[in-house]
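Next comes just one chain, in structure tokens: the form predicted on its own.
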Amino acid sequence: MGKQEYIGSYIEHFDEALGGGIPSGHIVLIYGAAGTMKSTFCFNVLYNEVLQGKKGVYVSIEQSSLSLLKQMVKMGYDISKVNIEVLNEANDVIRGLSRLKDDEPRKLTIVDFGTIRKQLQPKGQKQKFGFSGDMVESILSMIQTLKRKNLCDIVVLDSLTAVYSLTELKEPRSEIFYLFEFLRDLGLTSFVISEESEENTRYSRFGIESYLVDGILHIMLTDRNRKVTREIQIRKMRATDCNNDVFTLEWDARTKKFKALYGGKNPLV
């Protein structure tokens, strides 16, 4: 059995809490409410791993690629350092991504499924569950093709909540199991974003996803002394000796880096 490889969190002081990092090949649920920087956290991992030589894929099901990139540029990411390929044409699905090459270094592919969905939707026809189910299969097929073309080591699925809006799950446990095992069988390290709402404070819609994933990172907004603090906690991480304390999660605008501070203690505010 080979030595375990790890994916960095790229949060200062947090890999120590993870016991060395996120084990390669894990499926990790990134869970939190709106405004907790879940997408930025995932993009941050992809961006930095791509700079280290990995191939990254960001699948955005609702947010457009233009909106995502504008957000990341505003955060201070120098996207000129990576080779970004945006897939936002229905023909990318139909033709099987034939135009993509695997010889570009520092490759980061963004799959803009929000735009593709609009193009594939028949004119004058409302979206139905049967058609939506095909969309989920298209997403998985694109990920599989990108892996086969050596363009995907790490994938971000944004979000699981959006995936559920595309299909009617008749047998949630078996169908969600299939989704996660599909990613696992491809040998990918996967980050799956899940939205927290006031109505549903579980890690995901059905409450079974937490049993099926390898790790859960919970990002929270906490009111303290008339200020809102972002916090992060490792709720689960298989195959690691992790620290489950709550850490303050800060974005340093000067260094363009995340920091994890005050593990197990209240922040100094």
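Each residue number is its position in the shown sequence, starting from 1. Only a predicted model underlies this, so the values are computations on that prediction, with no experimental measurement involved.
The same protein has a further form, the form predicted in complex with a small molecule, not shown here; the description that follows concerns it.
When you look in the model of the complex, the only residue of N243, N48, S39, S210 with a non-hydrogen atom within 4.5 Å of the small molecule is S39. Note on contacts: among Q71, N83, N150, S98, the single residue with a heavy atom within 4.5 Å of the small molecule in the model of the complex is Q71. Put simply, G35 is close to the small molecule in the model of the complex: some heavy atom of it is within 4.5 Å. By the criterion of a heavy atom within 4.5 Å, I79 is excluded from the residues contacting the small molecule in the model of the complex. The small molecule in the model of the complex comes within 4.5 Å of a heavy atom belonging to R230. For the chain shown alone, Y10 is not a contact residue for the small molecule in the model of the complex, no non-hydrogen atom being within 4.5 angstroms. Comment: 27-35 is the region of 27-35, 210-218, 49-57, 235-243 lying near the small molecule in the model of the complex, near meaning a non-hydrogen atom within 4.5 Å.
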